[in-house]
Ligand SMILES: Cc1cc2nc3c(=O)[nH]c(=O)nc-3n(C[C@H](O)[C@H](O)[C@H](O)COP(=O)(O)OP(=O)(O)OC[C@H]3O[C@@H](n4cnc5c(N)ncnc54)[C@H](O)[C@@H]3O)c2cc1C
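The chain below stands alone, shown as structure tokens; this is the form predicted alone.
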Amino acid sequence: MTRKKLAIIGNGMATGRLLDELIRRDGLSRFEVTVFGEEPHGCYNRILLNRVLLGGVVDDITLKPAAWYAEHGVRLKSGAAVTRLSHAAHRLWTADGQEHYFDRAVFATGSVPRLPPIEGAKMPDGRWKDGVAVYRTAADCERMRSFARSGRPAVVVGGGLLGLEAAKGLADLGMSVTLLHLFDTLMNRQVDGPGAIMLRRAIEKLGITVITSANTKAVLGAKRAEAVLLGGGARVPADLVVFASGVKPRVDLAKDSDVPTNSGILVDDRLQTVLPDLYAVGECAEHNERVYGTVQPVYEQCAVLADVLTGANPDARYHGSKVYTRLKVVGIEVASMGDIDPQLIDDEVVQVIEEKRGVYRKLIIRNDRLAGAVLVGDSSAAANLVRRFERGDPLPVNRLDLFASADRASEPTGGVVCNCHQVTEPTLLAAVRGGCRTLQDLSARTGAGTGCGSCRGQLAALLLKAGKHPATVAN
């Protein structure tokens, strides 16, 4: 059988997962796959970018080295930006002028930094001033590190997840960091007001200055950053200014190729655009007026798209995802799912505040089901809550039982342990019985712990329970 040509445009975490899903369905016997990636290496884990900022190399966070593609019969065109695509001709062109034919193509172009409208960040020729950077790629981290000097002032613009991670990384490099956030509370999309207060206190204990409701107007300095100008005239000294104020779907290629877009590239339940044989997946895709920016929904999309492309399940459809986040933000456990504030008059709210421990926990309950939750400082209950959230299980009459049962959450729970990859405890136990002895072995065999990394404590507990030695592998 002649294999059809499948072009995947972009080489981020969505592409890495889609390749895995295609291989699981024997998709490489049906398709000759070519991946077009702008960066000069294989796909890597963007969630772990801080490791590069702190002096590591891309190989430390790489999910698929260049050799992996060749070993699996996938053509990798690295450093090859796709500049034009013709659906009618079934061809695309890269920046070096090369033409490539495809039968089917997938946009996996991800997202780009969302920059606030400020003056002075760039030179007249469009290049960033010295001492100005964004926080998005491994190359961005290397640029930030090149300007970082211990004891010198740095400003990070953006108080979401990326901004907090950038601020922590620069603080760890010895810089005096000020974090500016446009909104009243940090991580305002994931945590509510009380949770944000707890988070802010923990961040300030690290020596990071936090200024909220901060309207950043300009970067001052003729050829390099010297300070940031705020609305009202205040100036914040800065040898290094980092923009980490969110991302937006990368849709320029699709739009230029007459593929309908809104905030993202519009797709149906099969992840197909309005044009046959053109698909989109990941952060660039918009499904039912929603764009997803976390790992778990993207991976769910990849499973559906692999079913559709290979025919493994012709009836596969993507119906949207229930979004949840569980991770460590600047070393602080944070989990969030569903609604973070009540939406209906009959919504029940349960809040537990432990000032001394710096722990905040909140539930939003609707019709005796979990509609949302926020956990700051202790996310041990997250695995239990996520299962109830996803399945819509009835809740115990004593709502606090949901938290009390989590005292054992450092131990495996019998259900899904790794939410990013949907790896269950039975799968992990089977891998241990099959010879896995360390966290590295277990992650390599099952994929668990290679997404956000928040489940690594549970993986370690499982290995310890089995008499193995997870501590031989560093986090």
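These numbers come from a predicted model, not from an experiment. All residue numbers are counted from 1 along the displayed sequence.
The following text describes the form predicted together with this ligand, which does not appear among the structures shown.
What stretch, of 292-300, 189-197, 307-315, 208-216, brings heavy atoms to within 4.5 Å of this ligand in the predicted complex?
Contact-bearing stretch, as computed: 292-300.
Mind checking whether each of Gly10, Gly37 and Tyr135 has a heavy atom within 4.5 Å of this ligand in the predicted complex?
Verified in the predicted complex; spot residues all in contact, yes.
Can you tell me if Leu49 lies within 4.5 angstroms of this ligand in the predicted complex, counting non-hydrogen atoms only?
Output for Leu49 is yes: heavy atoms within 4.5 Å of this ligand.
Glu390 versus this ligand, in the predicted complex: is there a non-hydrogen atom within 4.5 Å?
Flag for Glu390 set to no.
Would you classify Leu170 as touching this ligand in the predicted complex, given a 4.5 Å non-hydrogen atom cut-off?
Residue-level check for Leu170: no, no contact with this ligand.
Just to confirm, Ala81 within 4.5 Å of this ligand in the predicted complex by heavy atoms?
Output for Ala81 is yes: heavy atoms within 4.5 Å of this ligand.
Which of these residues, Lys328, Arg75, Arg399, Lys255, gets a heavy atom within 4.5 Å of this ligand in the predicted complex?
Answer to the contact question: Lys328.
May I ask you to choose, among Val386, Ile118, Leu230, Leu162, the residue with a heavy atom within 4.5 Å of this ligand in the predicted complex?
Looking at Val386, Ile118, Leu230, Leu162 one by one, just Leu162 meets the 4.5 Å heavy-atom criterion.
What are the residues of 81-110, in order along the chain, with a heavy atom within 4.5 Å of this ligand in the predicted complex?
If the 4.5 Å heavy-atom criterion is applied to this ligand in the predicted complex, 81-110 yields Ala81, Val82, Ala108, Thr109, Gly110.
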